[in-house]
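To begin, one chain is listed below as C-alpha cells, in the form predicted on its own.
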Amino acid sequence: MDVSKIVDQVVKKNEGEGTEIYFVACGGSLVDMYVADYFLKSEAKKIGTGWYTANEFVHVLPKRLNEKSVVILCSHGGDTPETVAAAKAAKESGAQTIGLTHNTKAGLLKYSDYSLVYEWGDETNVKNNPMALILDLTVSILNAVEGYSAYNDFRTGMERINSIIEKARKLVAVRTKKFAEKYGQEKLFYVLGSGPSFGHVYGFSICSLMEMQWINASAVHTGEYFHGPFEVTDKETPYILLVNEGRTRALDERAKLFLDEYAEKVEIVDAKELGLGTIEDSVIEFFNPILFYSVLCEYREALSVVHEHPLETRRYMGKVNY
C-alpha cells in the first residue's frame, strides 16, 4: 500500500477522529521515527504521541491504547522479535497497526493492518526510505484529522529533499575522508544536536559508531550541554555537532561558540551549508534528520575504510544468545 491509501483507511475507520499515534521500533528503526514524534509534539492540537523502544512497549503497554489509536512499527529485516511482539500486543489491544519493513515476508506484517515495504539502497529516492515515509504518514494523518496549514510546503519539501541530499553528499566527499584520516584512531566521540535531529544524534552514536565501528560514543542534546556535559570539554576529545536549520538552531549555535573556544577536535555538520534552505521555513526543521542521516552515512563509511572495519561486521549481534 502507499501512504495516501493507508491514511485514507485509517482516518475512515476512526471516523475522522484520532486519539494518539505511537511509534514503536528498536535501534536504527526507532531513530527513524524520532522526527515524526517530534513533529506531532510540535504541531498537533488534538493527537497525542508516544515514542517507544519495542520491548518497553510490550512490557509497559499504554493503558489508553484503544481502537482509535494508531501504532506505527518498523523493522528493517522485518523479524526483530521485540517489534513483532509489540505489533502483536498493539493489535490485540484493538489499535490500528502500520508495519514498515524492507522484507516482503516479514513476520511483522502478520500483525500489521497496513503495510509499507519500502525501498532501500544508495540509488533509491530518500522520500521512499523509512524515515521520510513515517514522517509522511504522520503529517498526512494530522492534516486529515485536524488540518495542517503548512501541508503544501511539506509536500514540496518531500519533492526537493532527494536532490538536496545528492548535492550534499558530493559537497562532503573530500571532507569525510579528511575527517576519518584525522580522527580515525579516536576511542570516543561526543555527538551533539537538538530538535528533530536529536534522534539521529542518538542514532549515529549507538548505531554508526558503537554498533558498526565499535567506537565509544555519547549523544548530548545541545540544550542540555550547558547543564553538565560541557564540564568534560577539552582539547583532546572529539565532538561532532549537527547544526539544524529551523527553530532550534540557536541551541546548536550556542554550543558551537563554546566548542570554538574550549575544544579543538570539532566537526561541524551544518544543514544550512549543506543546502537545506531551499525548503520552506514553515517545515524546514523536519527535514534536518533526513539530510543528516544521508550525510553522516558518508562519515561512517569513511571511518570504516580507515579502520579496515566493514560496516556489516558484528561481534555479538546475530551471533550469540541475547
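We number the residues from 1 along the sequence you see. This structure is a prediction, so every number in the text was calculated from the model and none was measured.
Separately, the form predicted in complex with a further copy of the same chain exists; it is not shown, and the next lines address it.
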item	value
Residue contact check: residue 55 to a further copy of the same chain in the predicted complex, 4.5 Å heavy atom	yes
In the predicted complex, residue 159 touching a further copy of the same chain (heavy atom, 4.5 Å)	no
is_contact(residue 280, a further copy of the same chain) in the predicted complex, heavy atom dist at most 4.5 Å	no
Non-hydrogen atom contact residue 293 with a further copy of the same chain in the predicted complex at 4.5 angstroms	no
One stretch from 167-175, 102-110, 200-208, 89-97 that, in the predicted complex, holds residues within 4.5 Å of a further copy of the same chain by heavy atom	200-208
Complete contact of 38, 47 and 250 with a further copy of the same chain in the predicted complex (any heavy atom, 4.5 Å)	yes
Listed residue (269, 284, 266, 26) with a non-hydrogen atom within 4.5 angstroms of a further copy of the same chain in the predicted complex	26
Sequence-ordered list of residues in 180-202 near a further copy of the same chain in the predicted complex, where near means a heavy atom within 4.5 Å	188, 190, 194, 195, 202
